[in-house]
Ligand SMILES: NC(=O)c1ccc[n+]([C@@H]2O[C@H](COP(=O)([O-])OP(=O)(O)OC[C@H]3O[C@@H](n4cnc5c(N)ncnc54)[C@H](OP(=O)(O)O)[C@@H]3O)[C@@H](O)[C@H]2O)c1
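Next up: just one chain, as structure tokens, the form predicted on its own.
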């Protein structure tokens, strides 16, 4: 990935941060973004320090930029892409990553809740792809990676919003993969299972409150679904993202790859 230019959305923490770190350590030029500017700047300092000290890369500060941005806001995303192109000249890799919609059942949500979830989990990907695709088409090379969830392959009981809306991202990716292969652009989805992040903690707290159980019990119930008997690590997801962003994955497009320790039970 040396000198490839990547935008990693939602990269101040969790899987997004791990993916940005992996890209930086592989020599990419990386734009990180998040809504929380304080957390974002802390991540920028961490990535720069790590690259300088572990890669002995004195040019690392020029290879990593941070742009506060909200993936639900078009003008914010437009600025994100413009600042990336101003700094690095183009975009080679896009990682669409945003926090998931709230947990709950069908009866829990209003029309407004559904529209908010669509904006967060689907339209954010649509808009970011629209913004970066002209650069990818022009250079005849691009990698688009959408972070989804194991729920696109095996619905989760209390995640009606995620189960429904994330599937739209899969349909979008599959369609564009066929249409844009001629430009050298690949589009794939990563479907994480139980990965130890703030999202799992959030869902576990919601489950504990809803079912009147303690938080630790709610956490253990996630692991009980996983044959490997543990949570996945954000760094493991990052390795998969780096592979899909590389030259080695040039013949892989339109796929959805789960990384879940065997939690998904389907065959195909």
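Positions refer to the first chain, counted from 1. The model shown is predicted, which means the values in this text are computed figures rather than measured ones.
One more form of this protein exists, namely the form predicted in complex with the named molecule; it is left out here, but the text below deals with it.
*In terms of non-hydrogen atoms within 4.5 angstroms, which of the given stretches 136 to 144, 91 to 99, 106 to 114, 168 to 176 touches the named molecule in the model of the complex?*
After filtering at 4.5 Å, what remains is 91 to 99.
_One residue of 160, 152, 131, 195 in contact with the named molecule, assessed in the model of the complex (non-hydrogen atom, 4.5 angstroms)_ = Selected option: 195.
*May I ask you to choose, among 42, 70, 236, 62, the residue with a heavy atom within 4.5 Å of the named molecule in the model of the complex?*
So the residue touching the named molecule in the model of the complex, by this definition, is 70.
*Within 4.5 Å of the named molecule in the model of the complex: all of 12, 15 and 120, by heavy atom?*
Checking in the model of the complex: 12, 15 and 120 are all within 4.5 Å of the named molecule.
*Give a yes/no on whether residue 225 approaches the named molecule to within 4.5 Å in the model of the complex, heavy atoms considered.*
Judged by the heavy-atom cut-off of 4.5 Å, residue 225 is well away from the named molecule in the model of the complex.
*Mark residue 186 yes when one of its heavy atoms lies within 4.5 Å of a heavy atom of the named molecule in the model of the complex, and no otherwise.*
Flag for residue 186 set to no.
*Does the named molecule come within 4.5 Å of any heavy atom of residue 84 in the model of the complex?*
Residue 84: no contact with the named molecule in the model of the complex.
*Partner contact for residue 35 in the model of the complex: the named molecule, 4.5 angstroms, heavy atom*: Residue-level check for residue 35: yes, a contact with the named molecule.
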